[in-house]
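What follows is one chain in structure tokens, specifically the form predicted on its own.
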């Protein structure tokens, strides 16, 4: 309808926030926006990962390709990845991908000189840039107790075995390879709305109420010990399995409860690999989404210019 505005103003409410975990509500928007945000977090937020490995010496039991693959999957701190250049677009090195603007160099030099097995881990990777280092998954409490955390194991060496290599880490996105994905998991669910028909519920016996409550695989409902009424204890535990609806129909009580999903309210759960903090992952995803929308807007403006100026507009752009 002419004059109608579809503009909306989404709202975000943080429920839980840790370095590697975030849970938040996204309201006043639709599923297309929610799913776009989820997909961008998984596949289009850039990080830094090892992309080129030059092995000088490898006398371990693992072949070169296996070690190179393991190195690529080690999460690297990528707080400045958004400001780095993609190697294919870097004019400082003509796309070679080995300059300070688009890459970070690592070195590893390990040799076992004793009869005890030597664990070569991500801690042995020496970075040329202190801002890009292997993610430390060590428990701080373990350091206090005297246990040394050695990072992610790359290979194990016996006496006389040696591994010496040079690696180049570059900026990339999960769409190109999973090693660049900053997200371990990103999920969202529709917020459920649950309404119990109190009149119908009041006509059930205590045994029938218990049977109905126990029909739910998750603890969504419970019986109040004081009043004997069925109450909703955790509506977000509902998994849209329809078991309570089927149980109500089997009891001859259709309409005992109404459950539907709020189409404009979503609950997100985000887990980071550690390359960037979960909160930064969400913010970077929003920034990437804005850039993609700007590109679409620019594209539409270009089409309008072509319609207005015809061949002249295309010629001015070099078309």
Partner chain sequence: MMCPVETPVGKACGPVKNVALMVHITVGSAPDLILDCLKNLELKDIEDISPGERAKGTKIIVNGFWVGIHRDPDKMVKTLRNLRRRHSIRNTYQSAMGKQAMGIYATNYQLRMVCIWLLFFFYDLSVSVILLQNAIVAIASYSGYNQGDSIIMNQSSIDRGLFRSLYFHTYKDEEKRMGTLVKETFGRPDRSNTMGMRHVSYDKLDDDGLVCHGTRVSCEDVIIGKTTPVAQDKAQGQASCCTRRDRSISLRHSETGTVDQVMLTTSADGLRLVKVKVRSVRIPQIGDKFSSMHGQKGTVGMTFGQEDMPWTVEGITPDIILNPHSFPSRMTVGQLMECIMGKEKVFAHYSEENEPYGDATLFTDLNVENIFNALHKLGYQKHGFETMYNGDTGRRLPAMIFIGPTYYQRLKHMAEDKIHSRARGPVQILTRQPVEGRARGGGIRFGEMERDCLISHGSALYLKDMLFDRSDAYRVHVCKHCGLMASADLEKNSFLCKGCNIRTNMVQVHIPYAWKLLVQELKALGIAPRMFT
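This is a predicted model, so every value here is computed, not measured. Residue numbers count along the first chain shown, from 1.
Unshown form predicted in complex with the partner chain; subsequent notes refer to it.
Q: If you check 80, 239, 197, 229 against the partner chain in the predicted complex, which one has a heavy atom within 4.5 Å?
A: Of the listed residues, the single hit is 239.
Q: Out of 98-106, 172-180, 220-228, 197-205, where are the residues with a heavy atom within 4.5 Å of the partner chain in the predicted complex?
A: Residues of 172-180 come within 4.5 Å of the partner.
Q: Any chance residue 93 has a heavy atom within 4.5 Å of the partner chain in the predicted complex?
A: It does not: once the partner chain is placed as it appears in the predicted complex, residue 93 has no heavy atom within 4.5 Å of it.
Q: Applying a 4.5 Å heavy atom distance criterion, does residue 38 contact the partner chain in the predicted complex?
A: So residue 38 counts as contacting the partner chain.
Q: Quick one: is residue 56 in contact with the partner chain in the predicted complex, heavy atoms, 4.5 Å cut-off?
A: Judged by the heavy-atom cut-off of 4.5 Å, residue 56 is well away from the partner chain in the predicted complex.
Q: At 4.5 Å between heavy atoms, is residue 113 in contact with the partner chain in the predicted complex?
A: No, no contact at 4.5 Å.
Q: Look at the candidate spot formed by 84, 87 and 168 and say whether the partner chain comes within 4.5 Å of a heavy atom in all three of them in the predicted complex.
A: No, the whole trio is out of contact, none within 4.5 Å by any heavy atom.
Q: What residues, if any, in 64-85 have a non-hydrogen atom within 4.5 angstroms of the partner chain in the predicted complex?
A: 64, 65, 66, 69, 70, 73, in sequence order.
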